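Given next, in structure tokens, is a single chain: the form predicted alone.
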């Protein structure tokens, strides 16, 4: 019987990073993917002469060769060499409609960011800078907690990491209020909640700061040849180091030993065995493919208690004019009907928040000469899709979404989009549920909020789905939401597996 050291289930971002690490470490690695291409959300598809990405088109916390951040280090350490492009000027443009509205551009770079908020909200700079300065303090505290293997000394935490103690259990807005930050400045900064799917009166401050700081310091990063370049670069690492990647190989069952440890999986009707299995598939799906008798009750309760995270509706547009001709000067524009994140969340189906990206403003040749592409992203949940939607009405439903948001963007931004549409495609949570196989079409995993926040996940890591021989990686694991987090968790989990298996040898 042919047995692998490691089987990785799912060639999404986390699975690719995990398999690349185990293969590079010399472990006999098999990566199984149900589709005929790798990447999950980090891939591409064509409509006419345009290439679109399902979801991932940028990352935070990447950094550069001169100042590498976490994601850059993951790829660089593996020997994967995608060509990175950066938006290092504006972080984003935020447009709020109505009487209380504003139209501002927040800048990249810590000092420039603080200056741009101050310019829009005089008197806010001190509190904004104090908020940003919490990030390195939080990082130092978390590093200490890991160093102490989750058992930090209380006195050390109080004396050396007091700011962390003040922030850890609080929402973004609670911390901003405590710092005396004006509400208008809060709303501008908190526009980013749409990338995480949790309003900032609920979102844990540490989680938000991780993302904000990554964008602020490094700028948004994207591969020259779209996100599929990231996926293919990791596949190259796997194959180069003797690993195998099997496409069109959907896992339908997880196999267990008599002692309850994972023994392998079934794919294409074939039983495949391994010393360890790493799953980029969300725990709910894994447990549904496992005998219920072997799943610890605590694990089942945890999976059932967690809320599924954000999904999206996306409009992909290929236009027969350039970004300059269209009048699109920005890479990222957030358009909102109200300045407050909670209101945006509550009214997301009517006039909440949506994002317009024009990749050509960072990667000019990302579409054919004389053209440009626009991506409209509406953060919604799978449960928002009408329950009584019939298959024969689905096309109409998608067309109504496209018409609504394109017309709103035309009116709000003062540009003409409709006459220039050459290609259009629309995705909804239904699309992502079918393509990714995730519950409710969630693109990240579980919602990081309330009791299930970042700090709670870090503290409970050892008890989190503690099935022998089975590890999880990707956006549904400890770091939670975001594609950058998926690469980081794939890398982190693989290193733990490598250490265990190398130690057994």
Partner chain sequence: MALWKLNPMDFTKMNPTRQAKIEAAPAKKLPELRTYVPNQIAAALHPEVQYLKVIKIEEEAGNCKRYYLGPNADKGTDSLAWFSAGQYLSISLEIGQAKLTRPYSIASSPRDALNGFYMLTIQRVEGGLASQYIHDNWAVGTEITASAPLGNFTYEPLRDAKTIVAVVGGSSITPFRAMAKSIAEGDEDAELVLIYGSRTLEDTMFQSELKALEESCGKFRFVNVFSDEQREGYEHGFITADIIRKYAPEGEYSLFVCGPQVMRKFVDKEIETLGLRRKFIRQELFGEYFGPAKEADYPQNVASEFQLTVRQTGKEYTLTAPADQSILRTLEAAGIAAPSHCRSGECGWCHSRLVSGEIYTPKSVDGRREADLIYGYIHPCCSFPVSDLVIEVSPL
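On a predicted model such as this, the values are computed, not experimentally measured, just so you know. Numbering follows the first chain given and starts at 1.
We do not show the form predicted together with its partner chain, though everything after this point is about it.
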Give a yes/no on whether residue 204 approaches its partner chain to within 4.5 Å in the predicted bound form, heavy atoms considered. yes
Taking any heavy atom pair closer than or equal to 4.5 Å as contact, tell me whether residue 297 reaches its partner chain in the predicted bound form. yes
Non-hydrogen atom contact residue 364 with its partner chain in the predicted bound form at 4.5 angstroms: no
Since only the chain is shown here, I'm wondering whether residue 474 would be in contact with its partner chain in the predicted bound form (any heavy atom pair within 4.5 Å). no
In the predicted bound form, which of the listed residues (420, 241, 97, 93) lies with a heavy atom within 4.5 Å of its partner chain? 420
Selected contact from 139, 236, 115, 76, since only one has a non-hydrogen atom within 4.5 angstroms of its partner chain in the predicted bound form: 236
Would you point out which of 301 to 309, 99 to 107, 339 to 347, 115 to 123 contains residues with a non-hydrogen atom within 4.5 Å of its partner chain in the predicted bound form? 301 to 309
Decide if the three candidate residues 246, 320 and 387 all line its partner chain in the predicted bound form, where lining means a heavy atom within 4.5 Å. yes
Partner contacts in the predicted bound form for 447 to 467 (non-hydrogen atom within 4.5 angstroms of its partner chain): 451, 452, 453, 455, 456, 457, 459, 460, 464
